[in-house]
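A single chain, nothing else alongside it, follows as structure tokens in the form predicted alone.
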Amino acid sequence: MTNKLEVDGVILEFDSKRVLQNVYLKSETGKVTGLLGRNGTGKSCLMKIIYGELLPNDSSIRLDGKPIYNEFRNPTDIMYLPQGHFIPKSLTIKTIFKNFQLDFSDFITEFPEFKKLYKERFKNLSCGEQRILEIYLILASDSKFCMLDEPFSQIMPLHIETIKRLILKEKRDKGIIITDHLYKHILDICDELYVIDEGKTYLTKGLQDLETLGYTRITSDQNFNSIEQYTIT
């Protein structure tokens, strides 16, 4: 079954300063939706609005065509990875997987180094280990959609590639929205790419659009003759 999540008409103001306006973004089962933008353009705010954590001045959020009015989001509908940690530090890894109803053996298939940490408390993990665990919990959970805010921060390159593979695997059963300043990783895996600029979202096709919107700059020493490598299909 294909599910669709749409948000539009978003207006967000802080102290009379408009951060978001006329925003539109769509996510659906089987697709990774990338969201890029410079610092302070409202990417995290938009995710929090979709999740119900931040109340905008105005917005329309629809799940399979039905408006979502309440602030609470059912975890079977939407899961959200914020930039900060959300797991209580006193919990053990064993308890965390039990609470999320996930199989630890599936997790260590992807990240075998965690096998020895099964009885450790979350607070005893390194920042990178904590981030990997939280990313996996969001991605692997039984939810129609998940949103990942800066998932590659503090993650080793080897683990980034594993997480990218997991995202591509999990998108078969859910829609995924992801934002990260390591934009080439986003380009590698996303099916649709939006850029927030001056409070509005723009559906883009690749690096040339990113340069036009002022998000990145193509320099003469970069080999973008084969720009298709970084083009959204």
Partner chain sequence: MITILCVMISYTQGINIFTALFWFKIITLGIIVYFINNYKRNEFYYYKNLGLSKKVLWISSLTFDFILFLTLIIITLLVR
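The shown structure was predicted, so the numbers you read here are calculated from the model rather than taken from an experiment. Numbering follows the first chain given and starts at 1.
Keep in mind the form predicted in complex with its partner chain is missing from the figure; the text below concerns it.
Visitor: Whether Y183 contacts its partner chain in the predicted complex should be assessed with a 4.5 Å heavy atom distance threshold; does it?
Guide: No, Y183 sits far enough from its partner chain in the predicted complex that none of its heavy atoms falls within 4.5 Å.
Visitor: If we define contact as a non-hydrogen atom of the residue within 4.5 angstroms of the partner, is Y80 a contact of its partner chain in the predicted complex?
Guide: Flag for Y80 set to yes.
Visitor: So, G128 and its partner chain: in the predicted complex, are they within 4.5 Å at any heavy atom pair?
Guide: So G128 does not count as contacting its partner chain.
Visitor: Quick one: does R121 come within 4.5 Å of its partner chain in the predicted complex, counting heavy atoms only?
Guide: Heavy-atom contact with its partner chain at 4.5 Å: absent for R121.
Visitor: Please pick out the stretch from 204 to 212, 174 to 182, 56 to 64, 43 to 51 that is in contact with its partner chain in the predicted complex, where contact means heavy atoms within 4.5 Å.
Guide: Stretch with heavy atoms near the partner: 43 to 51.
Visitor: Would you mind checking 52 to 91 for residues with a heavy atom within 4.5 Å of its partner chain in the predicted complex?
Guide: Contacting residues: G52, E53, E71, F72, R73, P75, M79, Y80, P82, G84, H85, F86, I87, P88, K89, L91.
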